[in-house]
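Below you'll find only one chain, the form predicted on its own, shown as structure tokens.
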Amino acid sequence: MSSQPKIIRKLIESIRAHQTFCVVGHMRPDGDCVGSQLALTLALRNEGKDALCWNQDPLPQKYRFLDPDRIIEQPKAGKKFDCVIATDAATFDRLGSVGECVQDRQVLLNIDHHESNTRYGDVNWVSAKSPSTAELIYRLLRAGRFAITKPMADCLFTGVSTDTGSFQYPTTRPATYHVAGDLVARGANLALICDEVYQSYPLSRARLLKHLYSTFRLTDNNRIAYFWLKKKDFTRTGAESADTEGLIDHIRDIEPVIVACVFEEVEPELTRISLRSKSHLVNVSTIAAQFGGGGHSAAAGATIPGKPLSVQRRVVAAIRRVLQETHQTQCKN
């Protein structure tokens, strides 16, 4: 283990030294969060540790096949832990109500790949070059010589696949393919994962997609695309918030578009935004940071108070400024 990076050794030593754990993840969990939480929890239990797995929100339908035993639970007050491990959460606030329930702990480990991570743990492994937290968990388990079972391989492959856009995003590295290949060799069920994650959308999502194509807007010479999701849209389609995952890619993939944005109504004067960039010159994490959010250079988000139209104008203006600055820089070069 001496050849492993110091931070990995420190994490493994901390895991070996403790007995009671809680593995936590961010609100509205995506595939990377779900896969990372479950794989790490299963690894800890296989080592004889007492490990709970908490998330504020229920699993999206398409990831429930990863958790047949319902390991991921909603948090409970009054619990005490030796060690809490946060996965895929850029800030402590992103844990939501879980954060309030894991205060009684000896140590907090923070494992994440978001460049906007605030290093809120006692030990922080933040690798912004990694395309997924699941890849970091894989590296941790391999370094610690933890067994990776078939269910764990399913979880980790799902995390790696979803956070790389099925290995399409430019953040995907050669090492990512090696990780994916090894997980398949260890029993990851590709047919099952592809069917559940990519080929089994509920009808409600199709209705949301119809809404998207009917209402999306283009501006700034078609370089910015955006659409709104209001509460009434969810009521009308029967969709849940989890059904929105990946919808933004449908407007991001329009050829002239550089930045795509989804505005989702949380409350009448509270809006959640998701941003995607397909240019390495446009870092949407810096845009999200202007509104108290964060994320990656190609994918970021924030939650913004204010009247909906005001929020829309401010966000679109912020995107436009970045595009103009990028254009001016290119002209100078």
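A residue's number is simply how far along the shown sequence it sits, counting from 1. In this text the structure is predicted, and so the values were computed from the model without any measurement.
The form predicted in complex with ligand 5GP is left out here; the points below concern that form.
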Position in contact with ligand 5GP when the complex is considered in the model of the complex, options 164, 91, 237, 110, heavy atoms within 4.5 Å:
91
Would you mind picking the one in 303, 279, 46, 290 that has a heavy atom within 4.5 Å of ligand 5GP in the model of the complex?
303
Please run the contact check for residue 272 against ligand 5GP in the model of the complex: heavy atoms, 4.5 angstroms, yes or no?
yes
Would residue 42 sit within 4.5 Å of ligand 5GP in the model of the complex, counting heavy atoms only?
no
Evaluate residue 60 for contact with ligand 5GP in the model of the complex, applying a 4.5 angstroms cut-off between non-hydrogen atoms, and reply yes or no.
no
With a cut-off of 4.5 Å between heavy atoms, is residue 211 one of the residues that contacts ligand 5GP in the model of the complex?
no
Proximity to ligand 5GP in the model of the complex (heavy atom, within 4.5 Å), stretch among 291-299, 34-42, 65-73, 51-59:
291-299
Interface residues of 145-172 toward ligand 5GP, as seen in the model of the complex [heavy atoms, 4.5 Å]:
none
